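Just so you know, structure 1 and structure 2 below are the same protein chain in two forms, each on its own as structure tokens.
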Structure 1
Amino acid sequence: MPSEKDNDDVVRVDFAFRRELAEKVEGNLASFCYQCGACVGDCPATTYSSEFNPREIMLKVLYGLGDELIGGDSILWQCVNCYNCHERCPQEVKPVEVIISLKNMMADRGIYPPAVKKIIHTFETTGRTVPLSDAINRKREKLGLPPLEPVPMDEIEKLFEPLEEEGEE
């Protein structure tokens, strides 16, 4: 019989968290991480921040330590999205893609930094990240450029809804 003390040394993996992540596009790739750290040396966020480390983020994913990754002040937003880790990883884990999948999990919980939420809202309502205005089209006309037309949002909105069999995305 293991003592209570021994039990405390056991790492308990949260598989519910890992299964939820694995549902996301390329969210399952962290499983192939063998913690070599090739992603760290070339990571600008690691160079310029004392907190951000893609290898540690992948380790937390493997342990299922969701609470340390997704939350109001998540460290994941320090990622500069440069794709160096994707380039370097010998296991094709694509740490940046795992990080974006984790951000998808945060979005499912309604957690975004305000600046990010604002741009997403602009896209979801206008189909562009910069909304159209008369001033823009006047500026274009002066250059002899064709006017920008509104994006057919009736079509775009229909693409946001998950398929029935996808269930809770």
Structure 2
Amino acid sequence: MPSEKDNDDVVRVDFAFRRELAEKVEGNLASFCYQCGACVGDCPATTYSSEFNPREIMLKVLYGLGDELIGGDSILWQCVNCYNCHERCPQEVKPVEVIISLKNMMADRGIYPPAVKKIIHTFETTGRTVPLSDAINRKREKLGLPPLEPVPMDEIEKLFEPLEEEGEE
């Protein structure tokens, strides 16, 4: 007969979290991960961080442990989006795409590190992720590149407008 302690070791899959992730682009691919670890071999974030491990992230996704992945101090932001894990995955799970989907879920909740928040603010106000500076202009001129054209902010602002629901006019 199982003891009460045995029940504490049972992991309950959070299917609501898994469904939410599946609604994101490529978020449903996590279901095909069989935990081989190929994604870890060439991961630069794993090389330089003792905390980041794409295989462990995928395992937490499989178990639906969203609370451990989505939070203010999430390790997901350590992913450099190099796509090495995608290239190595024998199941074509695209761990990087799953991680990007998780980052998007955090962004939907307003959870991102200060550096990302700064980039978002810069983009919303200038249309660029890096503000234009004299140093950038000098470098472009030195490389024989034309000056950057002004960003059409009216088009950028349209991207932030809420989508109209189908059937509304």
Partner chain sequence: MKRFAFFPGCLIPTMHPSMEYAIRQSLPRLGIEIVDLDGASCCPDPIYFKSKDKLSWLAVAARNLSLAEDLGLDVITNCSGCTATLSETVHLLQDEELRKKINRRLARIGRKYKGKTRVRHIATLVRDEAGYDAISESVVRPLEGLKVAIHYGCHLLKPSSIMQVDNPDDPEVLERMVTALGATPVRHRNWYLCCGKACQTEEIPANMMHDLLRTVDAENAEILGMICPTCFSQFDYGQMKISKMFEESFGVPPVYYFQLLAYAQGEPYDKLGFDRQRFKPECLKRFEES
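Please note that residue numbering is based on structure 1, beginning with 1 at the start of its sequence. Under this definition, the rigid core comprises the largest set of C-alpha atoms superposing within 1.5 Å between the forms. Since the structure is predicted, the reported quantities are computational estimates derived from the model, not experimental observations.
Annotation: structure 2 represents the form predicted alone, while structure 1 represents the other form. A movement of the C-alpha atom of residue 123 reaching 2 angstroms or beyond is seen between the two structures when the two forms are aligned on their rigid core. With a cut-off of 2 Å and the rigid core superposed, residue 134 has a Cα displacement that reaches or exceeds the cut-off between the two structures. The rigid core superposition between the two structures gives a CA shift for residue 143 of 9.9 Å. Its Cα shifted by 4.3 Å, residue 153 is compared between the two structures on a rigid core fit.
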